[in-house]
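Presented as structure tokens, the chain that follows is alone, the form predicted on its own.
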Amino acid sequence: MSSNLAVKLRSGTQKAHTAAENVGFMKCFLKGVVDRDCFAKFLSNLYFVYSELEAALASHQNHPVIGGVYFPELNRLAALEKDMVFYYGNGWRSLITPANHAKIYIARIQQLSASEPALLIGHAYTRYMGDLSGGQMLQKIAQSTLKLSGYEGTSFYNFEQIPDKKAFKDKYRDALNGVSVDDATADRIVAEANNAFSFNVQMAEELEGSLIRAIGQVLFNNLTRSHNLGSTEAAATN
């Protein structure tokens, strides 16, 4: 039973994808306005999320659904630990705590891992496909704006084990389409991917107060006034 899950995930998350690109924090980021402290906090929240997500996926790697799309070369935790050392020093573990919305996100991953692990695919898809796609542009912006050399401070976006990102994304989509789930489960995985987008939006919104303090309300308003079509909407209009 082929699920066409990749197709369903792509079409079913288009609106959420565009909404995520229109969060003020991301709009500023995409326009090259990045505050070092906010970016470090952004990555620290992701450290806690990926710590939970990757532990959950690893624990279910022999699950009949998860196993088909379990690719440990995607793991971001070691890269995020490098970034934490860069921004916070060797004592970073005692200096960072997850923000409120990161805690809510983590609780959801724990809940699914305990009761409905197949739905974790929605979270893996949203995060990893985003990191492999738009994340590469965010890395270049951060490197340029924060004057970072090499991958220091942006290891998170550097997939050392995936030299050909396009080929890997094709492989990942094929694996998703090969997952044996019924339509109802596929729909719930899509719904969970939309949940993941919402959690990521809320984590970004939670950083906006810090960003406004860093760059000023007027600049923030100017940078966030327009609505981005978003990559999905733009593709639809071409």
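The numbering used is simple: start at 1 and walk along the sequence shown. On a predicted model such as this, the values are computed, not experimentally measured, just so you know.
What comes next is about the form predicted together with protoporphyrin IX containing FE, which is not displayed.
**Student:** Residue 127 near protoporphyrin IX containing FE in the predicted complex, any heavy atom under 4.5 Å?
**Tutor:** Heavy-atom contact with protoporphyrin IX containing FE at 4.5 Å: present for residue 127.
**Student:** With the cut-off set at 4.5 Å between non-hydrogen atoms, does residue 79 touch protoporphyrin IX containing FE in the predicted complex?
**Tutor:** Looking in the predicted complex, residue contacts with protoporphyrin IX containing FE do not include residue 79, since no heavy atom lies within 4.5 Å.
**Student:** According to a 4.5 angstroms non-hydrogen atom cut-off, is residue 197 in contact with protoporphyrin IX containing FE in the predicted complex?
**Tutor:** Yes, contact at 4.5 Å.
**Student:** So in the predicted complex, does residue 15 come within 4.5 Å of protoporphyrin IX containing FE, heavy atom to heavy atom?
**Tutor:** Close contact is absent here: in the predicted complex, residue 15 is far from protoporphyrin IX containing FE, nothing within 4.5 Å, heavy atoms only.
**Student:** Any idea which of 67-75, 119-127, 91-99, 144-152 reaches within 4.5 Å of protoporphyrin IX containing FE in the predicted complex, heavy atoms considered?
**Tutor:** Selected range: 119-127.
**Student:** When you measure heavy atoms, are 30, 133 and 173 every one within 4.5 angstroms of protoporphyrin IX containing FE in the predicted complex?
**Tutor:** Heavy-atom distance to protoporphyrin IX containing FE in the predicted complex: all three under 4.5 Å.
**Student:** Which residue among 169, 188, 60, 36 has a heavy atom within 4.5 angstroms of protoporphyrin IX containing FE in the predicted complex?
**Tutor:** Here the answer is residue option 169.
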